[in-house]
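Below, in structure tokens: the form predicted alone, a single chain.
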Amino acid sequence: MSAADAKAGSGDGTAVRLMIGADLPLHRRYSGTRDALSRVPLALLPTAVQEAGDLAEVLGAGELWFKRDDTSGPIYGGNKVRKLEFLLGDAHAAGATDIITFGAAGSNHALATALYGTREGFAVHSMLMPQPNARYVRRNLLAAQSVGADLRIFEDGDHAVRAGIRLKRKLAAEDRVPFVIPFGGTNARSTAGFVNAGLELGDQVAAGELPEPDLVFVAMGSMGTAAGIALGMRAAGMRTRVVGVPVVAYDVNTADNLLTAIVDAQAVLTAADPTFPRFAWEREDFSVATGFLGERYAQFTPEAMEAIGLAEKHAGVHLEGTYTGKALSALAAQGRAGALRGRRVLFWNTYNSRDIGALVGRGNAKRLPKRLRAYFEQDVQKLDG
């Protein structure tokens, strides 16, 4: 979809209120709902907001807050839980028996899908690909294995996708019903989970829990999180701009692709409920902050590791080097350049902080496929200190 196409439509940004119920797409029950999105209630919402005044001073922001989505789920938090509410809802609606999904070897999405998918009664198959080694890769593999996920490793994303297609056909031939969840758990329907999140933040602003931010910084991989927050905040009547920080290849995390993700999600929601507001969108309605990826996906950077240390020391918030550390390093760079002086900034913490130690302890690296066992035999990357 082009930017010109995206500009079609209009809306008044009427604020929306908190939803009650498991089968509705958004924060309130719309009178015109005709095709409510399927949803499984997994998340513990709303997640808290935390002021970080000391860190704001260190980083050069006028005010700084954290949105604590690290506590979004009872057994595993982070940004994937909100998406999985809609993805697993769709899987149940389709009568699925099996979930097939994709990710890097240490994928937080693959782990979250394994934990919540198996809890919902699905057999979960993770089609994985190599990434730089890190301690969290080992933890995630063991935790996913401990709940019975089928973990497979391939030489790259193309091979993983082809294998997923073959597995889907094989399962169907066995009279099972496979349901495919894409990389990162992002599609136009699952983005509704973060439209909810943007609306939730609007409720917290209205309740006086924090002032309306000028900017929201968030890590950007499959882009559903950034797209949903932008759309949800606008539907809540907020003027806050999303700053998406790419953590995958820049030719994937483009402003045009983010714009398409926003508009596609809006189209799904307006089709499901004609009372959902329609907005005209342009690239200028959000920002994409490049320059913080480093050499490649999941390769830690000195700037990210410094940012992680500052968040721990000055805010008591634990981040990691693949997503949130790089996103906070973008915030730090803008702050030190003077761009955040006098501005209210919110950092969306998309990393899990729930203790998965018991799950990790039940895993057994010796039972993993040979190419996954290698992550336990080889050194982690140097910056993973």
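One-based numbering along the sequence shown. Not measured: the values here are computed from a predicted model.
Missing here is the form predicted together with a small molecule; even so, the following discussion is about that form.
The closest non-hydrogen atom of N108 lies within 4.5 Å of the small molecule in the model of the complex. Taking the partner from elsewhere, N79 is found to have a heavy atom lying within 4.5 Å of the small molecule in the model of the complex.
Though the partner is left out of this view, G193 does not reach within 4.5 Å of the small molecule in the model of the complex, counting heavy atoms only. Proximity of Q266 to the small molecule in the model of the complex falls outside the 4.5 Å heavy atom cutoff.
Of the residues given (T101, Q145, T240, T186), T186 alone sits with a heavy atom within 4.5 Å of the small molecule in the model of the complex. The listed set L259, M223, V288, I181 contains one residue whose heavy atoms approach the small molecule in the model of the complex to within 4.5 Å, identified as M223.
Remark: of stretches 44-52, 62-70, 348-356, 331-339, the one touching the small molecule in the model of the complex is 348-356 (heavy atom within 4.5 Å). Proximity to the small molecule in the model of the complex holds for all of K83, A219 and Y323, with the criterion being a heavy atom within 4.5 Å.
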